[in-house]
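Quick setup: the structure tokens below cover two forms of a single protein chain, split into structure 1 and structure 2.
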Structure 1
């Protein structure tokens, strides 16, 4: 049977609260450091244009059934025509995102700065937590949990007799690392919120390849089965009026 522990208030004052405050301060500081390291270069007009074309094509797919068949076919040909369609990318003009990154030193430098602004602070913070706060039971979840959460909530504590709802100091660090986006959105704004999970997923990426997005959107627009919905609305309205009159 799992044992119930009595947590010392000193752990709350000297482990739980300082660790949470430090994680918030490091996140805010890292945002301003990454903002200072960000290179001030104007966005590429071609990439912006291609992004707007993709948005317009998606809106056409979403509202296809509310456009007459003739108008929809004309709009689809305007986007996906094999000769001069906006979504058509010739094979010779398709860019490799990895080659584009290596050909543009500013893009590679920006990616390196973003990765360093995430790796260095988190490495130092984890070393600090592991050295000073390792082995503490810092908090308790106020609801029961299954055994599957033990490895996530009790990292650094090798006691199977302790209830799963207790959280170790090292696990509390990881919970703050991946769960403070909502707080950062309140402090820094929604667009400026620091999202470590997104950054970790983008660390192995090599940039944005617009040719793939244009091709995928073209394929999606070509397979749309158009079915004009407005005549059905007229029939429904007529049926409703007949019921009201009768």
Structure 2
């Protein structure tokens, strides 16, 4: 289609490298800012308690086969009997927790802060890139692409004769935005900003309902087939000890 373009080395020194470095640094900055702004709200005792109960029930379910049948039945009754089991939720209280969460202003505030710490740097960087670097080719992707990708990769260049593998600076910004996620997870550890967004997505629908998960856990515990797995462990212990002695 078009022969190779000759790009000025000044573009590399003053656009490509600075843009990438700035993207990385802004990611790091955003991580630390969101870490600073994270308010440590005092959690509700009831919700914590329900969460712990769920974890205990889950542990019981996971380790069910390692305890004798009698012990398992006793524990299951403790968790899920219909009168005063820990996982039993009375009918009337189910809506209560959700309403409480809606009325809690701290939570909405926290989410808004997280949201802002995501959106503001992105808007600023995009404006910066747009203002300084718009309208020329900054990079070239080393593999051919179809015409379909032109609007994605040559955002800001209105020429139809340039080969699609050339990338405008604005699109280089977008490539960085998506591609650096892996690097951030390496240099910032597990709980970086991108993970925060996923968590926020889950929380924002108020899909987290403790009483519902209590009920689900109770059902799960009820259908566990108990089968004691350790009748032969005495023999094994004997064998190991014999080996040690001899």
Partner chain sequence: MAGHDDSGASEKKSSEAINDLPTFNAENMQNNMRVIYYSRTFMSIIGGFIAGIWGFTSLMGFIFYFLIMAITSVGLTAKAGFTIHSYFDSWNRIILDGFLGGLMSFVLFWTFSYDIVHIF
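Here the structure is a predicted model, which is why all the values come from computation and not from measurement. Rigid core (definition): largest C-alpha set, two forms, superposition within 1.5 Å. Positions refer to the first chain, counted from 1.
Pick one: is 1 or 2 the form predicted in complex with the partner chain? Form predicted in complex with the partner chain: structure 2.
After the core is overlaid between the two structures, has the C-alpha of residue 12 moved by 2 angstroms or more? Stays below the 2 Å threshold, so no.
Displaced residue check between the two structures: residue 76, CA, 2 Å or over, core reference: After core superposition, the C-alpha of residue 76 moves 2 Å or more between the two structures.
Residue 54: Cα shift of 2 Å or greater between the two structures (core-aligned): Yes, the C-alpha position differs by at least 2 Å between the two structures.
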